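Just one chain is shown here, as structure tokens, and it is the form predicted on its own.
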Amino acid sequence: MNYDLAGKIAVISGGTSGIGLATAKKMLEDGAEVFIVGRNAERGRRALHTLAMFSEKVQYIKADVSTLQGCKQVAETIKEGPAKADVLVNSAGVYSEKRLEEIAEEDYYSIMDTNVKGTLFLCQSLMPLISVGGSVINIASDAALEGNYGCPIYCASKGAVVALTRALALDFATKIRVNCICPGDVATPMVEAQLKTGQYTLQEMALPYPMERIGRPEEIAHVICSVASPLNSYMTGSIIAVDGGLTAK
């Protein structure tokens, strides 16, 4: 697959696992230079080992994007290296299932700091470094487009990512494209953690989907790379569902 990303520089938060890691792999295969960002050093080491099989043009940045300092750290690393970026993928995210009556203040901050604050401040930190014609892709969720049971904070956080995407698309329309991908459930470590709670099985998770299965990371990564491609130069402010038909019902 040719996404026309050869020679481009991409920064991917949450790039050490799941959708972010699958996106890094596809971009490397297409000839991009990739910086993956994550807060777990061991997971970063494993991701680098995996990605090095596809290209040597990959580096790991240890940073926690749920903090402003972590976002600034990513920007400083890019400044000291290539001094610019062409693509930013905000893939870092956390999930929690708690009903409204169970939610404590720390639950709010745990979700919002990564999903919303991290997306906003990583954009703020890196926008001055993103080339004219560059691309930002935020990762939200089907939960941003319709309500999900038992996870009001998560739904609110991903809805905020959609609204933020639209706002930034307007503010940067003449220079940088900003779009949002809304996946359904995808076979990632986040979903594996959900299944380990024993509340439901993989088969039960797949039941609401018209395609009768959940997604694969590489399927979402393909859409991210397609949107990031310079060939999509007229697309900005788009909110794209990739969910096996879930939100089509």
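Bear in mind that the values here come from a model prediction, so they are computed numbers and not experimental data. When you see a residue number, it is the position in the sequence shown, counting from 1.
Although it is not shown, the form predicted together with a small molecule is what the next lines describe.
When the small molecule is considered in the predicted bound form, only one residue from Val223, Met190, Leu202, Leu68 comes within 4.5 Å through any heavy atom, namely Met190. Contact check for Met27: every heavy atom lies farther than 4.5 Å from the small molecule in the predicted bound form. For Ala140, a non-hydrogen atom is located within 4.5 Å of the small molecule in the predicted bound form, even though that partner is not displayed. In the predicted bound form, none of the heavy atoms of Ala32 sits within 4.5 Å of a heavy atom of the small molecule. Though the partner is left out of this view, Thr114 does reach within 4.5 Å of the small molecule in the predicted bound form, counting heavy atoms only.
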